[in-house]
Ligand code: PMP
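Listed next as structure tokens is one chain, alone, in the form predicted alone.
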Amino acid sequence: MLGKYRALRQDQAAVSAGGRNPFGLAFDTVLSATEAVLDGRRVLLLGTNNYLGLTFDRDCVAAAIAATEAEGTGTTGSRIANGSYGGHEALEKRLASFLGRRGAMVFTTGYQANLGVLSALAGRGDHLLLDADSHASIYDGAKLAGAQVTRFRHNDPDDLRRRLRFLSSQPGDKLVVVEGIYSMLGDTAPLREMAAVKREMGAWLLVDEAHSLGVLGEHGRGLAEAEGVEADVDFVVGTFSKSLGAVGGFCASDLPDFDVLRVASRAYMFSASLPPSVVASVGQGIEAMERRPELRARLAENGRRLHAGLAAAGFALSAPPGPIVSLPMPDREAAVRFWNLLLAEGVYANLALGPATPGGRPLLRMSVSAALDTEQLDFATAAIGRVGRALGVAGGGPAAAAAAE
């Protein structure tokens, strides 16, 4: 039965042969938003997507504890079958208000949100136009939809326009799907230009703000707010597992009949709903995003500091300063060795390998948190620099040139 995965097992064994298994790493304990213990020693967490550092926020933790004590550990079923708790509806209203939208619905994971929304919005006879670098959950949602899928070149509004023009004579809705911040490289979509194409061609637009919620925009609503095109975005999808420090997903929209998705989306109808603890902590996290803009400012400053330090060390960087900093590696072996040596230095980052990366190119991926202090950032920068120089990936060596190509 599992014989078809022989090549995958061999690849995993080859990666693990370089040291630890990066896809099975288990910390002894997590101490804070920025530190954990591994094999009895402290390591700095630089690969968590914990952008605002809210996983250990006192108010979020207290809200989760109080909700668990009051309503128990879980809901044991879907909202369609078991009913909604008061917190579910309150969170949806709170989220819609924060996003400035008429309505919102909550899913149990962000991955599930894309599966559930895309498979319900588009069907046979419709068209999904996906950025080539879209997240796996977007591609999987498109498969479930049964619509015709057209990929356009990453962050290329002109290519999107050409493809929409080609499809203009065909019946069915055309839904364009882009992301606010792309999770591997940390680059942002040219959303203003994409929105202009959407208006010109009469398409619909969905923006996945998973990595940009709480990060971009004056109020932290994401890239659409930052670019001033929220009115052009028909559907906003996102997750609670990044800036909000929990788990779960959502979709929000201004469409008057938006609520019909609750009985059209199988991923919503047949999945157990979020437990009270998560609902409560996410609600408190939204409060923090609104009332503590200094978290967003600190995150931006930390991103600039890490980016500047690594650029000064001679690394080829994949995107402008932001919450995600990725270092292209010349090959898989170098990436695996870099990840292991960096962990030995006391810094945990993400090892990103194809096919999950753009073009299948290996990356060392880091995500910044507002909870990191300057001493921690400088410690990480120095450690990354030492490993990069030792492997010739920084400072103009042959491996650095190969990584930059």
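Computed from a prediction, not measured in an experiment: that's the story for all the values here. Residues carry their position along the shown sequence, with the first being 1.
FYI, the form predicted together with the named molecule isn't displayed, but the following is about it.
Undergrad: Please determine whether each residue of Ser137, Thr239 and Lys242 possesses a non-hydrogen atom within 4.5 angstroms of the named molecule in the model of the complex.
TA: Yes, the whole trio is in contact, each within 4.5 Å by some heavy atom.
Undergrad: Using a 4.5 Å heavy atom cut-off, which stretch among 272 to 280, 188 to 196, 242 to 250, 121 to 129 contacts the named molecule in the model of the complex?
TA: In the other structure, the partner sits against 242 to 250.
Undergrad: Taking the named molecule as it sits in the model of the complex, is Ala210 near enough to touch it, meaning that at least one heavy atom pair lies within 4.5 angstroms?
TA: Yes, Ala210 sits close enough to the named molecule in the model of the complex that at least one of its heavy atoms falls within 4.5 Å.
Undergrad: Counting only non-hydrogen atoms and a 4.5 angstroms cut-off, does Gly87 reach the named molecule in the model of the complex?
TA: The answer is no: Gly87 has no heavy atom within 4.5 Å of the named molecule.
Undergrad: How about Tyr111: is it within 4.5 Å of the named molecule in the model of the complex, going by heavy atoms?
TA: Output for Tyr111 is yes: heavy atoms within 4.5 Å of the named molecule.
Undergrad: Does Ser183 reach the named molecule in the model of the complex, with heavy atoms at most 4.5 Å apart?
TA: Yes.
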